[in-house]
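The form predicted on its own is given below as one chain in structure tokens.
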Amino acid sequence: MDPVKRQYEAYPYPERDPAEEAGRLIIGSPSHPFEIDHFLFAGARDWSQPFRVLVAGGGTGDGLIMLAQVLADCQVNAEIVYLDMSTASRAIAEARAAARGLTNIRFETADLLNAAEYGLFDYIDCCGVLHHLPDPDAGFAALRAALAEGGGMGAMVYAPYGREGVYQMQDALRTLVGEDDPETQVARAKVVFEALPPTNGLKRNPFVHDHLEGGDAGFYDLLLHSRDRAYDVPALFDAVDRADMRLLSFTSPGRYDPRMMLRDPILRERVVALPYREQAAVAERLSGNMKVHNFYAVAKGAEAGRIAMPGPEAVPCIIGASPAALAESIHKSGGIRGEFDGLAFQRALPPETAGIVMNMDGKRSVDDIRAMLGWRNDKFEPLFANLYQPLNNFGLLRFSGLQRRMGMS
């Protein structure tokens, strides 16, 4: 049996209990439908039209369930095809979908290299998979072949600098326990891990604790994986390019802006003059904490400017926070604060922007919000522009009319 298939049959990842579906929906990025609309369809897709989705390497179903539930709630005529080679992972994903009564998913046990056999797709999700393939380039190419004209892909691959110590430990454990069965590997590797000296890079790395706290499946996925490579920013751009695609954007663009970490005005001017790829590479090297890259890609030659931009008809949606809570934070603290794996950011905002955020219900357009507040354009537009940049950069605001479909008969 292929060692990766053997792993995910023994330890489906991430560990999930279908009984928990009644209490929560796991929201993530990429692949939230509002975000898909924002990055791939200029925030203006006609959601009355059918929507074909491929979840390539769907695992236990986090991205799958988020996609299927939001599309169902918004009454989109969606067909979602789930592919995974692990029957154990598929069983958990199916049970989670059944617990929610989702009927818009077709489950297949298959290799993503055969993706095109299932037709062409308006959107492809592939998170945490390509870096585990024997030939990742073949995986990128297979997904490109399954992409419909005008469609796009959201993906996640590992990044090297935030995974300090991981690959050294994988090599050491491969030597020590690599011939054992999966259960014995985990048991013996845990003993090794607990006895590691404080000088070990993995012990000093705070950015991979989510894996280490994710039960035996997370432990195995991080430290005992038989195939695992990481992409720095240049390598990722090259891989996307070789697949006849272009990297459109990272999901949190602000994290890839090196000006966040540069105070010298001359250096800030120098770096902003660089191509996007080089700016992102500098940011990755300066921050030192990126463990994954979440990004959207489209076919080469696809029309430019598909990322949504502010405009009177654009419909802003808040993701990852409630508008009321975000507005209250702005009102109390005078801005927004947050962090990415220890990298703190903050942005001062005029107090009037709290009123704008409060009215971002996913159904009102930018102009609707302006009219509701009773402000003239010369007051509203500078405030909205001031607000849009940080919220978009850090993944909090997306433009999409999709939420308007909720509750339609």
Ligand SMILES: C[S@@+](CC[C@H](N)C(=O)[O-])C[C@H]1O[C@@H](n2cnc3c(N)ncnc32)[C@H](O)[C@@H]1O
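Quantities reported herein were computed from a predicted structural model and do not represent experimental measurements. In this text, residue numbers run from 1 along the sequence as written.
The next section is about a form of this same protein that is not shown, the form predicted in complex with this ligand.
Worksheet entry | One stretch from 85-93, 228-236, 243-251, 277-285 that, in the model of the complex, holds residues within 4.5 Å of this ligand by heavy atom | Among the candidates, contact is made by 85-93.
Worksheet item: Are Pro33, Leu71 and Ile105 jointly within 4.5 Å of this ligand in the model of the complex, each by at least one heavy atom?
Response: Checked in the model of the complex: no contact with this ligand for any of the three.
Worksheet entry | Residue contact check: Asp221 to this ligand in the model of the complex, 4.5 Å heavy atom | Yes, Asp221 is a contact residue.
Worksheet entry | 4.5 Å heavy atom contact, Val208 and this ligand in the model of the complex | Judged by the heavy-atom cut-off of 4.5 Å, Val208 is well away from this ligand in the model of the complex.
Item to complete: Give a yes/no on whether Phe399 approaches this ligand to within 4.5 Å in the model of the complex, heavy atoms considered.
Response: Flag for Phe399 set to no.
Worksheet entry | Heavy atom of Leu262 within 4.5 Å of this ligand in the model of the complex | Leu262 lies outside the contact set for this ligand.
Worksheet item: Heavy atom within 4.5 Å of this ligand in the model of the complex: which of Gly128, Gly338, Gly151, Pro258?
Response: The residue in contact is Gly128.
Discussion item. I need to confirm a contact call. Of Ala110, Val81, Leu202, Ala308, which residue comes within 4.5 Å of this ligand in the model of the complex, counting heavy atoms only?
Written reply: Comparing distances to this ligand in the model of the complex, the residue within 4.5 Å is Ala110.
Worksheet entry | Any residue of 2-19 that, in the model of the complex, places a heavy atom within 4.5 Å of this ligand | Contacting residues: Val4, Tyr8, Tyr13, Pro14.
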